[in-house]
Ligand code: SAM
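Next comes just one chain, in structure tokens: the form predicted on its own.
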């Protein structure tokens, strides 16, 4: 019989957040996948769990390591998977190994625990019932521009990660895309000694970032876009005239304008009938 892959959430800063279940799972696994043996080793030494067999799984090794992990799982071993901090697979290694294990018919389970995305969201004061997670947005090029445009139009709360040396630029780009008054929460060093949570506008966040040396790990929680103002009758009539001038029938022009502006179809059709 094959073994089990166990995804184990680890602290994002405060070692007191490692749960008893996580400690038990680590102690019982035959081998432990981790990003950095030194960082994981320090954590395990703190809990008296030294001496584990490690398999290094990071962004460079995950593809090759997945084969070894699957082979060991098929041989009946129990393999744990941790990252340097937080929940595996969330902007961290683990996703590829989970897919490979599932594809091989191997059982996958998880020990829940800390996740910076969730902690930042719930302390932000912004709506939490509907949100999206962008992870680290692209660093440059058209892909970055496209993602920023999508984020600016997103109605749900948006959560992002960012490195300290890119913080100011990302905040500045968000200000251009979303406007200076959009609310944002900048969370730094969550659960650690120097934890800081700033609830502010994008403009003020940019100014603060320019005047301070960014340090630590950052989570950005951005207010969703407000719904657009409803179109006035004058705007709808103007749009109808353009479509009619392009040869559309009144019925088709009304349907297109209603869809474009999110206006009631009956109202727009009545406006179209009134036009000469």
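Quantities reported herein were computed from a predicted structural model and do not represent experimental measurements. Positions refer to the first chain, counted from 1.
What comes next is about the form predicted in complex with ligand SAM, which is not displayed.
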Picking from 190, 151, 111, 185, the single residue whose non-hydrogen atoms come within 4.5 angstroms of ligand SAM in the predicted complex is 190
Tell me, which of 134, 175, 92, 168 has a heavy atom within 4.5 angstroms of ligand SAM in the predicted complex?
-> 92
Give a yes or no on whether each residue among 32, 54 and 79 has a heavy atom within 4.5 Å of ligand SAM in the predicted complex.
-> no
Okay, which stretch from 103 to 111, 197 to 205, 137 to 145, 156 to 164 lines ligand SAM in the predicted complex, with non-hydrogen atoms inside 4.5 Å?
-> 156 to 164
Proximity of residue 124 to ligand SAM in the predicted complex, heavy atoms at 4.5 Å | no
Closest heavy atom of residue 240 to ligand SAM in the predicted complex, within 4.5 Å or not?
-> no
Any non-hydrogen atom of residue 219 within 4.5 angstroms of ligand SAM in the predicted complex | yes
Contact of residue 74 with ligand SAM in the predicted complex (heavy atom, 4.5 Å) | no
If you look in the predicted complex, which residues in 115 to 140 sit within 4.5 Å of ligand SAM (heavy atoms)?
-> 115, 116, 117, 136
